[in-house]
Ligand code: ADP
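Just one chain is shown here, as C-alpha coordinates, and it is the form predicted on its own.
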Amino acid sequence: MHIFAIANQKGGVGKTTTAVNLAAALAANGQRTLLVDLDPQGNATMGAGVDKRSLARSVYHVLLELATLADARATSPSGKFDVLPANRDLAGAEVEMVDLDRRDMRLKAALAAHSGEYDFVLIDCPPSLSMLTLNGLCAAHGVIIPMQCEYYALEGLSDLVNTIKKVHANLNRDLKIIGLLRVMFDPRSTLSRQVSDQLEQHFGDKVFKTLVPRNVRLAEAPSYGVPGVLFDKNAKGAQAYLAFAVEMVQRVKEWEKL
(Lines give C-alpha, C1' and ligand atoms only; values in the text may rest on other atoms or scores of the structure.)
Protein backbone atom coordinates (compact mmCIF):
# COMPACT_ATOMS: atom_id res chain seq x y z
CA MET A 1 0.00 0.00 0.00
CA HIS A 2 1.47 3.32 -1.12
CA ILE A 3 0.32 6.31 0.92
CA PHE A 4 0.81 9.76 -0.59
CA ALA A 5 -0.07 13.11 0.97
CA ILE A 6 -1.04 15.80 -1.51
CA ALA A 7 0.14 18.96 0.18
CA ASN A 8 1.00 22.59 -0.33
CA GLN A 9 0.82 25.31 2.33
CA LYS A 10 -0.46 27.73 -0.30
CA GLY A 11 -4.21 27.63 -0.96
CA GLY A 12 -5.86 27.47 -4.37
CA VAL A 13 -3.11 25.50 -6.09
CA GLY A 14 -5.17 22.52 -7.19
CA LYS A 15 -4.55 20.09 -4.30
CA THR A 16 -8.13 18.86 -4.15
CA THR A 17 -8.52 18.75 -7.93
CA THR A 18 -5.34 16.67 -8.07
CA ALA A 19 -6.42 14.36 -5.24
CA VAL A 20 -9.87 13.62 -6.68
CA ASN A 21 -8.76 13.22 -10.29
CA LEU A 22 -5.70 11.13 -9.48
CA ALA A 23 -7.88 8.86 -7.31
CA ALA A 24 -10.41 8.42 -10.14
CA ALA A 25 -7.68 7.91 -12.76
CA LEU A 26 -5.89 5.31 -10.61
CA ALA A 27 -9.18 3.49 -10.00
CA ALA A 28 -9.85 3.53 -13.76
CA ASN A 29 -6.41 1.90 -14.13
CA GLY A 30 -7.50 -0.98 -11.92
CA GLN A 31 -5.76 0.29 -8.76
CA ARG A 32 -7.58 -0.18 -5.45
CA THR A 33 -7.68 3.40 -4.23
CA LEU A 34 -8.72 5.26 -1.08
CA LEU A 35 -9.03 9.05 -0.97
CA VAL A 36 -8.73 10.57 2.52
CA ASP A 37 -10.20 14.06 2.89
CA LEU A 38 -8.38 15.90 5.70
CA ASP A 39 -9.81 19.35 4.91
CA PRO A 40 -12.81 20.54 7.00
CA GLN A 41 -14.22 22.19 3.86
CA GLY A 42 -14.92 18.68 2.54
CA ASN A 43 -14.29 19.68 -1.08
CA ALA A 44 -12.64 16.38 -2.01
CA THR A 45 -15.61 14.54 -0.47
CA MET A 46 -18.13 16.49 -2.56
CA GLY A 47 -15.93 16.33 -5.68
CA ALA A 48 -15.95 12.54 -5.39
CA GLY A 49 -19.75 12.58 -5.30
CA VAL A 50 -20.22 11.88 -1.57
CA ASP A 51 -22.63 14.24 0.22
CA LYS A 52 -20.77 15.74 3.19
CA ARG A 53 -24.06 17.00 4.70
CA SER A 54 -25.46 13.53 5.30
CA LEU A 55 -22.47 11.72 6.82
CA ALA A 56 -23.12 9.56 9.88
CA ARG A 57 -19.38 8.96 10.28
CA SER A 58 -16.38 10.80 8.86
CA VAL A 59 -12.62 11.13 9.17
CA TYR A 60 -13.33 13.20 12.31
CA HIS A 61 -14.69 10.09 14.09
CA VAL A 62 -11.73 8.02 12.88
CA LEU A 63 -9.13 10.51 14.18
CA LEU A 64 -10.83 10.64 17.59
CA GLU A 65 -11.13 6.82 17.56
CA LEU A 66 -14.92 7.01 17.77
CA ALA A 67 -15.21 4.88 14.61
CA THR A 68 -13.01 2.67 12.44
CA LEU A 69 -12.07 3.43 8.86
CA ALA A 70 -14.39 0.62 7.78
CA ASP A 71 -17.31 2.32 9.59
CA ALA A 72 -16.65 5.73 8.07
CA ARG A 73 -15.61 5.13 4.47
CA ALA A 74 -17.92 5.61 1.51
CA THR A 75 -17.55 4.85 -2.20
CA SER A 76 -17.48 7.44 -4.98
CA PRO A 77 -20.57 6.59 -7.07
CA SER A 78 -18.93 7.51 -10.38
CA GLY A 79 -15.24 7.02 -9.56
CA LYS A 80 -15.49 3.59 -7.91
CA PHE A 81 -12.79 4.46 -5.36
CA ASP A 82 -13.27 4.61 -1.60
CA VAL A 83 -13.47 7.92 0.26
CA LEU A 84 -12.80 8.66 3.92
CA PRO A 85 -15.00 11.75 3.92
CA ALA A 86 -14.81 15.06 5.79
CA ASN A 87 -17.18 17.85 6.77
CA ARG A 88 -17.26 20.80 9.17
CA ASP A 89 -16.99 18.46 12.20
CA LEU A 90 -13.32 18.12 11.33
CA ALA A 91 -12.62 21.75 12.27
CA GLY A 92 -13.27 20.77 15.90
CA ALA A 93 -10.83 17.87 15.77
CA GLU A 94 -7.86 20.27 15.99
CA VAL A 95 -8.92 21.43 19.45
CA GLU A 96 -10.12 18.04 20.67
CA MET A 97 -6.87 16.30 19.71
CA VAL A 98 -4.57 18.71 21.59
CA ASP A 99 -4.57 16.67 24.81
CA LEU A 100 -4.72 13.21 23.23
CA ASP A 101 -1.78 10.82 23.15
CA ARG A 102 -0.30 9.90 19.73
CA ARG A 103 -2.35 12.78 18.32
CA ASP A 104 -0.18 13.08 15.20
CA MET A 105 -0.30 9.31 14.49
CA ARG A 106 -4.06 8.74 14.55
CA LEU A 107 -4.49 8.52 10.77
CA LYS A 108 -1.42 6.28 10.40
CA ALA A 109 -2.88 3.82 12.91
CA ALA A 110 -6.29 3.80 11.19
CA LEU A 111 -4.73 3.11 7.77
CA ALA A 112 -2.40 0.40 9.11
CA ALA A 113 -5.41 -1.75 9.93
CA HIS A 114 -6.32 -1.84 6.21
CA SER A 115 -2.88 -2.20 4.64
CA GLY A 116 -3.85 -5.16 2.44
CA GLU A 117 -6.99 -3.57 1.00
CA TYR A 118 -5.57 -0.74 -1.13
CA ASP A 119 -2.83 -0.17 -3.68
CA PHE A 120 -2.91 3.61 -3.26
CA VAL A 121 -4.05 5.92 -0.48
CA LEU A 122 -4.19 9.63 -1.36
CA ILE A 123 -4.51 12.18 1.45
CA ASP A 124 -5.88 15.62 0.58
CA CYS A 125 -4.27 17.93 3.17
CA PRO A 126 -5.58 21.37 4.17
CA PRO A 127 -3.56 24.44 3.08
CA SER A 128 -1.85 25.03 6.41
CA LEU A 129 0.55 23.23 8.71
CA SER A 130 -2.04 22.07 11.23
CA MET A 131 -2.54 18.95 13.32
CA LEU A 132 -4.57 17.57 10.41
CA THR A 133 -1.76 18.13 7.89
CA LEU A 134 0.68 16.64 10.38
CA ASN A 135 -1.47 13.50 10.60
CA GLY A 136 -1.35 13.27 6.81
CA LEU A 137 2.44 13.70 6.67
CA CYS A 138 3.03 11.20 9.50
CA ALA A 139 0.87 8.58 7.74
CA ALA A 140 2.40 9.05 4.27
CA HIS A 141 5.35 7.47 2.51
CA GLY A 142 5.72 10.51 0.33
CA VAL A 143 4.38 13.91 -0.66
CA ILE A 144 3.02 14.98 -4.04
CA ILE A 145 3.23 18.77 -4.36
CA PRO A 146 0.87 20.38 -6.88
CA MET A 147 2.01 23.87 -7.78
CA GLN A 148 1.32 26.64 -10.21
CA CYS A 149 4.21 27.96 -12.24
CA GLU A 150 4.24 31.46 -10.81
CA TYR A 151 6.56 33.50 -8.61
CA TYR A 152 4.71 33.20 -5.28
CA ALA A 153 4.47 29.43 -5.68
CA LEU A 154 8.26 29.20 -5.63
CA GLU A 155 8.41 31.18 -2.39
CA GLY A 156 5.90 28.88 -0.67
CA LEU A 157 7.68 25.78 -1.94
CA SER A 158 10.77 26.38 0.19
CA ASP A 159 8.59 26.56 3.34
CA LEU A 160 6.91 23.29 2.44
CA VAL A 161 10.22 21.53 1.71
CA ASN A 162 11.51 22.64 5.14
CA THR A 163 8.36 21.32 6.81
CA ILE A 164 8.74 17.95 5.08
CA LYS A 165 12.39 17.78 6.18
CA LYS A 166 11.40 18.44 9.81
CA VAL A 167 8.67 15.78 9.77
CA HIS A 168 11.12 13.34 8.15
CA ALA A 169 13.76 14.04 10.82
CA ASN A 170 11.48 13.92 13.87
CA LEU A 171 8.31 11.94 13.16
CA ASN A 172 8.34 9.91 9.94
CA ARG A 173 11.60 8.55 8.53
CA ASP A 174 9.73 7.15 5.49
CA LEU A 175 8.57 10.58 4.32
CA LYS A 176 10.09 12.01 1.15
CA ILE A 177 9.09 14.25 -1.71
CA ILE A 178 7.69 12.03 -4.44
CA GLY A 179 7.40 14.77 -6.99
CA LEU A 180 6.17 18.17 -8.04
CA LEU A 181 3.15 18.33 -10.33
CA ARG A 182 2.81 21.46 -12.43
CA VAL A 183 -0.88 22.40 -12.53
CA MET A 184 -2.97 25.19 -14.13
CA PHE A 185 -0.13 25.46 -16.63
CA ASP A 186 -0.44 28.06 -19.38
CA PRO A 187 2.13 27.41 -22.13
CA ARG A 188 1.44 30.89 -23.61
CA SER A 189 2.74 32.56 -20.44
CA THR A 190 6.45 33.39 -20.43
CA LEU A 191 6.45 33.32 -16.62
CA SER A 192 4.86 29.85 -16.56
CA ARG A 193 7.55 28.50 -18.87
CA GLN A 194 10.36 30.21 -16.91
CA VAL A 195 9.17 28.87 -13.53
CA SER A 196 8.66 25.42 -15.06
CA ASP A 197 12.25 25.46 -16.34
CA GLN A 198 13.53 26.59 -12.92
CA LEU A 199 11.72 23.71 -11.23
CA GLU A 200 13.24 21.20 -13.64
CA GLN A 201 16.73 22.63 -13.14
CA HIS A 202 16.43 22.64 -9.34
CA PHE A 203 14.47 19.44 -8.69
CA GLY A 204 15.42 17.35 -11.74
CA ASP A 205 13.53 14.07 -11.96
CA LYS A 206 11.44 15.01 -8.92
CA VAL A 207 9.35 17.07 -11.35
CA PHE A 208 6.67 14.91 -12.95
CA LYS A 209 6.71 14.92 -16.74
CA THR A 210 2.94 15.45 -16.85
CA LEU A 211 1.79 19.06 -17.19
CA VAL A 212 -1.81 19.81 -16.19
CA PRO A 213 -3.17 22.75 -18.19
CA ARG A 214 -5.74 25.32 -17.08
CA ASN A 215 -9.05 23.72 -18.00
CA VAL A 216 -12.64 24.89 -17.61
CA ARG A 217 -14.05 21.35 -17.67
CA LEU A 218 -11.95 20.36 -14.65
CA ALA A 219 -13.30 23.39 -12.79
CA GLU A 220 -16.92 22.55 -13.71
CA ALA A 221 -16.80 18.90 -12.66
CA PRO A 222 -17.00 19.33 -8.82
CA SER A 223 -20.40 21.06 -9.04
CA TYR A 224 -21.74 17.82 -10.56
CA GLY A 225 -20.04 15.63 -7.93
CA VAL A 226 -18.07 13.81 -10.63
CA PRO A 227 -14.25 13.71 -10.97
CA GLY A 228 -13.04 15.70 -14.00
CA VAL A 229 -11.47 12.64 -15.62
CA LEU A 230 -14.96 11.08 -15.81
CA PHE A 231 -16.96 14.28 -16.37
CA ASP A 232 -15.30 14.89 -19.74
CA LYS A 233 -12.64 12.31 -20.59
CA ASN A 234 -11.64 14.16 -23.74
CA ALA A 235 -10.89 17.49 -22.05
CA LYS A 236 -7.20 18.41 -21.96
CA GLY A 237 -7.18 18.54 -18.15
CA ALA A 238 -8.76 15.08 -17.87
CA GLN A 239 -6.27 13.66 -20.36
CA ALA A 240 -3.43 15.14 -18.29
CA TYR A 241 -4.62 13.52 -15.04
CA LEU A 242 -5.11 10.17 -16.79
CA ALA A 243 -1.52 10.45 -18.05
CA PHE A 244 -0.38 11.44 -14.55
CA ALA A 245 -1.93 8.28 -13.07
CA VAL A 246 0.01 6.15 -15.57
CA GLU A 247 3.22 8.04 -14.70
CA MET A 248 2.51 7.55 -10.99
CA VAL A 249 2.03 3.78 -11.32
CA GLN A 250 5.20 3.55 -13.42
CA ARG A 251 7.20 5.55 -10.86
CA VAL A 252 6.01 3.27 -8.05
CA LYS A 253 7.00 0.16 -10.03
CA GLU A 254 10.49 1.63 -10.49
CA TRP A 255 10.84 2.23 -6.72
CA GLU A 256 9.79 -1.34 -5.97
CA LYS A 257 12.66 -2.61 -8.12
CA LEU A 258 15.22 -0.61 -6.10
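Treat the numbers as computed from the prediction; the structure is a model and nothing was measured. Residue positions are given as counts along the sequence shown, with the first one as 1.
Only in words, not in the display: the form predicted in complex with the named molecule, which the text now covers.
Annotation: in the predicted complex, residues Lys10, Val13 and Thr17 each come within 4.5 Å of the named molecule through at least one heavy atom. You can rule out all but one of 45 to 53, 218 to 226, 61 to 69, 28 to 36: in the predicted complex, only 218 to 226 has residues with a heavy atom within 4.5 Å of the named molecule. At the 4.5 Å threshold, heavy atoms of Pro213 reach the named molecule in the predicted complex. Heavy atoms of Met184 reach within 4.5 Å of the named molecule in the predicted complex, making it an interface residue.
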